[in-house]
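Single chain ahead, written as structure tokens, the form predicted on its own.
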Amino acid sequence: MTPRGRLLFFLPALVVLGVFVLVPAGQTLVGSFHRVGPDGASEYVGGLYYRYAATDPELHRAFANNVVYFLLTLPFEVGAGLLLALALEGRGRARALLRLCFFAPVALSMVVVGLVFGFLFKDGVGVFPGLLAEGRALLTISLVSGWAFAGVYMVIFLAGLSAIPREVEEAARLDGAGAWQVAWHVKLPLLRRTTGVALLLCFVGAFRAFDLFWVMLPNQEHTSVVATLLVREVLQFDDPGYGSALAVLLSGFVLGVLGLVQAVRGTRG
């Protein structure tokens, strides 16, 4: 096949990437250097919004909430997914049914999940009132997120477990290792790359979190994350310039961390 023919196969994907990713990203970057006045006129302000972001206490608090949310979702999503994968590894109708049940919440819209759990935790009418109060909200949302996404990590770890040679496990069992000894000393070390992928996915998910926070905590600024803060800047305070700057900073931070991790992996071979 000629190079031109190969390019035709990539052309649809390149068009979609350009229209839905690169063009909006470019518009956001340009918008972060402009202020839109009440009359709709755009004024170039340079790095004004970025300088303000450096000293914005609300942004610092929102970023800290993202970090705490990430640390909380590690056990509730990745840890729970790993335990489910170890428990439900193998064949059998019962295990297949349980895997389906644990994966089912992934098919639900996070807006629907947020509305349902938000009603359950609502003060005065909910079955479990008070769980969305200040000091508990991040933990509660992390638990809800774990319920929704642990099944995704279960599938990821099941794929990693399926790639482990059966001979290695059989050799460990012949040496007298029990089920949990095999899991700890054999399976977990061989799941190192899979675990790394899961941790990166959890990190990205924690810093792009929006739905649950926006639906379950619509009026609690103390539990804002960066995504809800930038949307509030655009919709509530009618400041698309600062919202665009926050989007650029958030994207840059996530991409920077991913690039750093990739560079470290490259140096280790």
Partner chain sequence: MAERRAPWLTLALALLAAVVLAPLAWVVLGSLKPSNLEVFDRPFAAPSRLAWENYARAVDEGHMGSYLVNSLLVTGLTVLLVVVLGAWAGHALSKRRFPLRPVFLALFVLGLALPVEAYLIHLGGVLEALGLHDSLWALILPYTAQSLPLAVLLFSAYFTTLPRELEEVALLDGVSTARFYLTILLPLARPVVATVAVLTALHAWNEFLLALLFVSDERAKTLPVGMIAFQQSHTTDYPALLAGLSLISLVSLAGYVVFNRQVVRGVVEGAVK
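Bear in mind the structure is a predicted one, so any value in this text is a computation, not a measurement. Rigid core (definition): largest C-alpha set, two forms, superposition within 1.5 Å. Residue numbers count along the first chain shown, from 1.
Separately, the form predicted in complex with its partner chain exists; it is not shown, and the next lines address it.
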Revision key, fill the gap. None of Leu199, Ile164, Leu143, Leu120 but one has a heavy atom within 4.5 Å of its partner chain in the model of the complex; the exception is Leu120
**Study point:** Triplet Phe102, Glu170 and Phe210 all within 4.5 Å of its partner chain in the model of the complex via a heavy atom
**Key:** yes
Practice item. Answer with yes or no whether Val45 is in contact with its partner chain in the model of the complex, where contact means some heavy atom within 4.5 Å. Key: no
Check your understanding: Is Thr55 close enough to touch its partner chain in the model of the complex, meaning at least one heavy atom pair within 4.5 Å?
Key -> no
Check your understanding: According to a 4.5 angstroms non-hydrogen atom cut-off, is Gln27 in contact with its partner chain in the model of the complex?
Key -> yes
Review point. Is Thr223 close enough to its partner chain in the model of the complex to count, meaning some heavy atom within 4.5 Å?
Key: no
Review point. Looking at its partner chain in the model of the complex, which residues in 59-89 have at least one heavy atom within 4.5 Å of it?
Key: Leu84, Leu86, Ala87, Leu88, Glu89
Exercise for review: Answer yes if the Cα of Pro12 shifts by 2 angstroms or more between this form and the one not shown on a rigid-core superposition, and no otherwise.
Suggested key: yes
